[in-house]
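Below you'll find only one chain, the form predicted alone, shown as structure tokens.
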């Protein structure tokens, strides 16, 4: 592949890529007439609240739930106002509470961990492997008599090793809550992500594959878990057939919160959901086009994929030999006009990496009592939460050697080809 100028742009050479890099808002940049039409229906009927309104008009949120459940292949879907809310609802639904531990990978957005604390439980942080998802071996090592659940996170769009994770969880009697925030529509061995766990969480925040600006979904096949998630997400009990009636069974209703989704968000999400598979197809095409052109470069090791066909292809990730080379490689790529980054840098805060979760590292709580870390239900069972920035060294090693490139579906073929040329140019100079 010919290069116009072999001198790196970072050293004064001519940049390879001068075309504009689309921002990584896959569904957000595709908002158009479909979303407008759904929103206008809601406004015309003045039906902004999903449970009742001034007109006899079908709920957009309910329609979203039906179509979302069908797409993922689950019986029940519950729309909420964020993925954090979906995680908390899911944890509460499966029975996580005081005295319990929940295992979470050290590479995920902080909300995955914060949701555990919100459910009054203790986060236990585990390593990721070279797929940058939960390491099944370390997951099993971290299990104690206090472990109640695990949150496998399909991080940066790729599936976890769900065969091994589910086998370990079932062996030890643990609940599984999949975090599908960054992998909506992805799959593992032919099954959509979010259809393996007991109760699973999705995101509709603006940076995600499809979006309503904000929003989340809870998916489950268990009616009891669905009822419990509904009970927690709406303390007003609007979801019940008779909201003021006596409990239909013991434990049906209990004090919850308000995590309900509005009809306006539901309308946007409904239109976006219908675009999901098209967005995935475009990202997969663009990623393959780049990857095929750089696959033979010595010194580059691609992130391992537990199921390549199920990858959502929101990004391209590869490893280099050490952290210093990786930093220099990322800087050189950016100078060539390619938006690339090294995932972990010690001095750069990033709430996707456990070492930067200072609120967890220091066990900061809203009140001075220190719950859940000091809760007697936990301490009397022998629990003692301990955290440090170096507690997952393999995770830090992988992330410090990682080059990350977003793959927006709006990329052109020219963007892809210039990106590949830039990677080859930098690799020739630095590897």
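No experiment lies behind these values; they were computed from the predicted model shown. Numbering follows the first chain given and starts at 1.
Another form, the form predicted together with a small molecule, is not on view; read the next lines as being about it.
The stretch among 319-327, 260-268, 200-208, 355-363 whose residues place heavy atoms within 4.5 Å of the small molecule in the predicted complex is 200-208. Contact annotation for the candidate site: 131, 186 and 307 all lie away from the small molecule in the predicted complex (no heavy atom within 4.5 Å). Taking the partner from the other structure, the small molecule in the predicted complex has no heavy atom within 4.5 Å of any heavy atom of residue 230.
In the predicted complex, the small molecule stays beyond 4.5 Å of every heavy atom belonging to residue 293. A residue is said to contact a partner when one of its heavy atoms sits within 4.5 Å of a partner heavy atom; residue 147 fails this definition for the small molecule in the predicted complex, lying far away. With a 4.5 Å cutoff on heavy atoms, residue 332 does not count as touching the small molecule in the predicted complex; it lies far away. Residue 108 is the only one of 220, 272, 312, 108 with a heavy atom lying within 4.5 Å of the small molecule in the predicted complex.
The contact with the small molecule in the predicted complex, taken as any heavy atom within 4.5 Å, belongs to 181 out of 158, 181, 162, 88.
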